[in-house]
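The chain below stands alone and is given in structure tokens; this is the form predicted on its own.
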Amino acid sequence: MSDYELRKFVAPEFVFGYGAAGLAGRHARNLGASRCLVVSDQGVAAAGHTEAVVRTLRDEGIACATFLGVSENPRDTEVMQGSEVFRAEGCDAIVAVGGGSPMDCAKGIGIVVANGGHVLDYEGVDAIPKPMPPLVCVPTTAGSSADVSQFAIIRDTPRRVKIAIVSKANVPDVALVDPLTTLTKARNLTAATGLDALTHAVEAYASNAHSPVTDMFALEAIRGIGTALFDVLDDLRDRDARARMALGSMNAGLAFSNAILGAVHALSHSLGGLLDLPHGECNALLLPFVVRRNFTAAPRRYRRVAEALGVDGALGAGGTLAAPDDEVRDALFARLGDMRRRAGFDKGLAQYGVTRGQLAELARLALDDPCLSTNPAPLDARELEELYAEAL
């Protein structure tokens, strides 16, 4: 495949930097909003971020209704409840405040109020006929990048699976990326969302749908997150380290929204859907095993990942190949495992309650995930089950 095959790149307008969240009212007004549904969750509201955004809306003369009924893995039922609130309150725009869960739920609400039916009707790629109402996103985590992506991940509660809704219609109108909103995050959430962002960047760079544009964002994200994450974890109040993490997460989001992802996310979506496990922690656990399995399918790509993470011997002077592939593969596997443990995630899947008897069903569900189509190595159900087994 040539690096210069046709590729599209979609991204929202975004404002990055200290104080960006304070611009929510101005941007909602510019989009013609008169009454916004503010979608958030209880934790973000308790930290004060939801009300701070609501104040900026009211300062611009925009009325607000608030929907806080969002779970860690947003459910189809929550999307439908939120859409009912949107209609009942006569809203004409949506502002999402929080991590990936409120932002994905907000996207689902927008899809339903614009197109009717049930949110599960829109599973898949480019299945949304009508654009949603104006959407402004204010992320409070440095990880999900839902604020800049064309993905919405929703838990299908009857089937106990996570579905992906992928469409340009999901791209927010404006993302307001304010590193200061991440200062209230606890260490565990900071670590989990940071490793989620790293996974986005690694999978986007190795994806078989990559392009020179996505490569640029992905590699910069890997380099930045590789150092910034542990600076943040050493000092949760370090504003500049938080800013570097927010920038790394945004870069990773711009990369994966366009290059898509891979087997880590297919496996994680299956886990999160069936067992309702934390997405970032699942990614952190699975990433080393998937990279090791994929390495021979894209060795030059993974060497670049290793180089970006500072793995010795990945590349020599002038970018020439140095250590043999198997040595770089093992060193990268070790580095990713060490990062996971340093972040505080040293458990295997068994300690999350996953049993060997569930692996075949989890693999079957992962096999249907659209993220698997851009994994650099083709993987069948048996190989997916083996990956789960390695992570037990």
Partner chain sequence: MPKRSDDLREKLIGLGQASTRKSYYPELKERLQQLELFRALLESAGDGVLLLDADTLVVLDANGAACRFAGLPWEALTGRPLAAAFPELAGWKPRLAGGAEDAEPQDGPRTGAWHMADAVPTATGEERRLIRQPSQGGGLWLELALKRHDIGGRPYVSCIARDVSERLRAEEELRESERKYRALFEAANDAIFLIRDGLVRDANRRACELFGRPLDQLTSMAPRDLSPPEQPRSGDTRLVEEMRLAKALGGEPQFFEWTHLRADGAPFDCEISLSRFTLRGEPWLIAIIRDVTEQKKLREIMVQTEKMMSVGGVAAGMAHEINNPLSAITQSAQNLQRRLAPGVPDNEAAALMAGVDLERVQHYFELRGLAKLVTNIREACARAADIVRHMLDFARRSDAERSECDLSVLLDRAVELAENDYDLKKRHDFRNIRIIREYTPGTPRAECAPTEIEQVLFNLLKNASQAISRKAYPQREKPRVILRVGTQRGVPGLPEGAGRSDGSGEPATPGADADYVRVEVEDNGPGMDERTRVRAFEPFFTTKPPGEGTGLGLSVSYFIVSRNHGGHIIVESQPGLWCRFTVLLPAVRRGA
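Numbering follows the first chain given and starts at 1. Just so it is clear, the structure is predicted and the values come from calculations on it, not from any experiment.
The same protein also has a form predicted in complex with its partner chain, omitted here; what follows describes it.
### One stretch from 301 to 309, 129 to 137, 276 to 284, 254 to 262 that, in the predicted bound form, holds residues within 4.5 Å of its partner chain by heavy atom
Result for this chain: 129 to 137.
### Task
Using heavy atoms only and a 4.5 Å cut-off, determine which of Ala33, Val328, Ala363, Leu37 is in contact with its partner chain in the predicted bound form.
Only one listed residue qualifies here, and that residue is Ala33.
### Interface residue in the predicted bound form among Val112, Ile165, Val174, Ile222, criterion: non-hydrogen atom within 4.5 angstroms of its partner chain
It is Val174.
### His49: touches its partner chain in the predicted bound form, heavy atom cutoff 4.5 angstroms
Result no; His49 lies far from its partner chain in the predicted bound form.
### Task
Would you please decide whether Glu13 lies within 4.5 angstroms of its partner chain in the predicted bound form, comparing each non-hydrogen atom pair?
Looking in the predicted bound form, residue contacts with its partner chain include Glu13, since a heavy atom lies within 4.5 Å.
### Contact test in the predicted bound form: Leu23 vs its partner chain, heavy atoms, 4.5 Å
Although its partner chain is absent here, Leu23 would touch it in the predicted bound form, with heavy atoms inside 4.5 Å.
### Task
Give a yes or no for Arg340: in the predicted bound form, does one of its heavy atoms lie within 4.5 Å of a heavy atom belonging to its partner chain?
No, Arg340 is distant from the partner.
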